[in-house]
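Only one chain is shown below, in structure tokens, and it's the form predicted alone.
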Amino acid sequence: MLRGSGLRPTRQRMALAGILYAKGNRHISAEGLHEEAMSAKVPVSLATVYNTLHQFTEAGLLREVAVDGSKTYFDTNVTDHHHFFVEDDNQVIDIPEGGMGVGDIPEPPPGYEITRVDVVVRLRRVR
């Protein structure tokens, strides 16, 4: 997978990829992946985790989901889809395909093209 996306399969990348993809499609923060790596006895710094996640995203292996200006999750499902964000739990959940449509997308300015439309629907438990 790493070689196919143009990334050199270093020991740390392989270990982090193993942790990321072992549980199927999911959403995880850099801090969450770092905690899982520490639990799995993978000696890696948080900075390396951030760098690796961004490299995987640039290579098309992950999709970045920005929830707040300060909170980013990484999605192993790179297909076009939208997300729910559960504010109470800081959890990102996929909106099922066909579960929502986006209309009236504006024309981009001359010389630009739209690469992706991201929608995050924020949820809160009813009190």
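Position 1 is the first residue in the sequence shown; the rest follow in order. Small disclaimer: the values here were computed from a predicted structure and weren't measured. C-alpha atoms forming the largest set that superposes within 1.5 Å between two forms make up the rigid core.
Separately, the form predicted together with a further copy of the same chain exists; it is not shown, and the next lines address it.
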At 4.5 Å between heavy atoms, is residue 38 in contact with a further copy of the same chain in the predicted bound form? no
Margin query: Against a further copy of the same chain in the predicted bound form, would residue 111 count as a contact residue? Criterion: heavy atoms within 4.5 Å.
Written below: yes
- Item | residue 106: touches a further copy of the same chain in the predicted bound form, heavy atom cutoff 4.5 angstroms | yes
- Would residue 50 count as touching a further copy of the same chain in the predicted bound form under a 4.5 Å heavy atom rule? no
Checked 100, 46, 78, 59 for heavy atoms within 4.5 Å of a further copy of the same chain in the predicted bound form; positive is 100
With a 4.5 Å heavy atom cut-off to a further copy of the same chain in the predicted bound form, the contacting stretch among 51-59, 23-31, 81-89, 38-46 is 81-89
Those residues of 106-126 with a non-hydrogen atom no more than 4.5 Å from a further copy of the same chain in the predicted bound form are 106, 107, 108, 109, 111, 112, 113, 114, 115, 116, 117, 118, 119, 120, 121, 122, 123, 124, 125, 126
- Task: Please say whether, between the shown form and the other one, the C-alpha of residue 108 moves by 2 Å or more once the core is aligned.
- Result: yes
